[in-house]
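In structure tokens, one chain follows: the form predicted on its own.
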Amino acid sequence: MNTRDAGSATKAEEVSGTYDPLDPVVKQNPYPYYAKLRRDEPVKWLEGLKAFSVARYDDIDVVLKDSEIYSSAEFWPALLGEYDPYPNDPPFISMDPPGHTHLRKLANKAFMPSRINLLRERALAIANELFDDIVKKHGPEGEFDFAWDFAALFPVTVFAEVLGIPTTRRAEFKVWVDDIIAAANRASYGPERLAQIRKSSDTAKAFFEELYDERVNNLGDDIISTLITAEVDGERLSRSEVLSTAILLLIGGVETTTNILGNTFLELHRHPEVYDRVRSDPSLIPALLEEVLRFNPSVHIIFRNTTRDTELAGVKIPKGSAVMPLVACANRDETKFSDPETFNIDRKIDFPLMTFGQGPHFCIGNYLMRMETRAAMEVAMQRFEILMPVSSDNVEWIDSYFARGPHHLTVRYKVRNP
């Protein structure tokens, strides 16, 4: 089934002005600007961010795979600045080989598919518990904020299970993540907001330090214990490496899952015939999620810095420049995806999506996120006769220029009769 995103411009010729990810108009619907970039300015200097954007699939593939020229070392410091909980011990996402390779191999021990599969039944149970709470609060039919009452709580509750801690602190996790990610926009904030970001950064750091110290003498089957005991060629992660990795996993795992769940329901509202198909045949849920990951992903921009003068798509890029691969733009590249502006869950994917990156930094948590979102969608389709956003127009998006998901999403619902 092929359906276009009703009511929104998707083509380069349908927009005026220039691409600026800080512009609220662009933020509301960046996709026609992406099309214009691919056509006219595949590598573009963005004055507001002092960085070069990269729009085409093949060029982004080069940037993500060539760590000798396009380094990840400045990624985390540039993103979080002084609000990084562990500024002296960057996570492996902000390292280049060979140091990155060492940490990645150790961290992989915690994210093997066999371990993630063991969490599936608990993820299904958590989704059911959250929907039980919603129905108890609002009755068998009505409205609720899907973004906050379900999508925000679901991944933090799963993450609490992964950490092996009580879920009573799950709401704090979401606040920490939102605030720490918001540090990317720190230049535009006043003292009050910056103080809140500092508080969340310090509180998250203290929480994980306390958890580490408790776990090191009481090992279990949770992710912190796995990181503590993981060993490759006789080497283990240091305390600070475990802690910076845990913070990274919290930020990456919570925000991306929350956003992709919200984006999925937005696309189902925009494409009701797809919603009807998936409701009738839940086996289509994996295909639905893969198309959302391509068509409207939760991360749009990632970051690199050049280690020497170079050239990309005919544009000279000086040493030390910030480079921003627009991975969401690459997912609609006309040279890789047939009819890319069409939402099509029957699509045959011939090229890897850029949603989780490529090369040495391919997202370590992608299997967990796919498992979580599939479990959530299966339970939602099973539990509700109706579960649909009231509107998909004029969405209030999260406060981020590099991540994308609804900040609030009011949905209508009706419980399915037993």
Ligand code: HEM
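Numbering starts at 1 and runs along the sequence shown. Not measured: the values here are computed from a predicted model.
Keep in mind that the form predicted together with protoporphyrin IX containing FE is missing from the display, and what follows is about it.
K.L.:
Of 53 to 61, 375 to 383, 22 to 30, 362 to 370, which is the one stretch near protoporphyrin IX containing FE in the predicted complex, taking non-hydrogen atoms within 4.5 angstroms as near?
P.N.:
Selected stretch: 362 to 370.
K.L.:
Please check if L293 has a heavy atom lying within 4.5 Å of any heavy atom of protoporphyrin IX containing FE in the predicted complex.
P.N.:
Because a heavy atom of L293 falls inside 4.5 Å of protoporphyrin IX containing FE in the predicted complex, the answer is yes.
K.L.:
Does Y83 make contact with protoporphyrin IX containing FE in the predicted complex, using a 4.5 Å heavy atom cut-off?
P.N.:
No, no contact at 4.5 Å.
K.L.:
Report whether the minimum heavy atom distance between P90 and protoporphyrin IX containing FE in the predicted complex is within 4.5 Å.
P.N.:
Heavy-atom contact with protoporphyrin IX containing FE at 4.5 Å: absent for P90.
K.L.:
Applying a 4.5 Å heavy atom distance criterion, does R115 contact protoporphyrin IX containing FE in the predicted complex?
P.N.:
Heavy-atom contact with protoporphyrin IX containing FE at 4.5 Å: absent for R115.
K.L.:
For this chain shown on its own, do Y34, V274 and R332 all sit within 4.5 Å of protoporphyrin IX containing FE in the predicted complex, going by heavy atoms?
P.N.:
The answer is no; none of Y34, V274 and R332 reaches protoporphyrin IX containing FE.
K.L.:
Only one of R170, R270, R347, R104 has a non-hydrogen atom within 4.5 angstroms of protoporphyrin IX containing FE in the predicted complex; which is it?
P.N.:
It is R104.
K.L.:
Which one, I285, L130, L248, A230, lies within 4.5 Å of protoporphyrin IX containing FE in the predicted complex by heavy atoms?
P.N.:
Exactly one residue meets the criterion: L248.
K.L.:
Scan 233 to 262 and note down the residues that get a heavy atom within 4.5 Å of protoporphyrin IX containing FE in the predicted complex; none is a fine answer too.
P.N.:
Result: L248, L249, G252, G253, T256, T257, I260.
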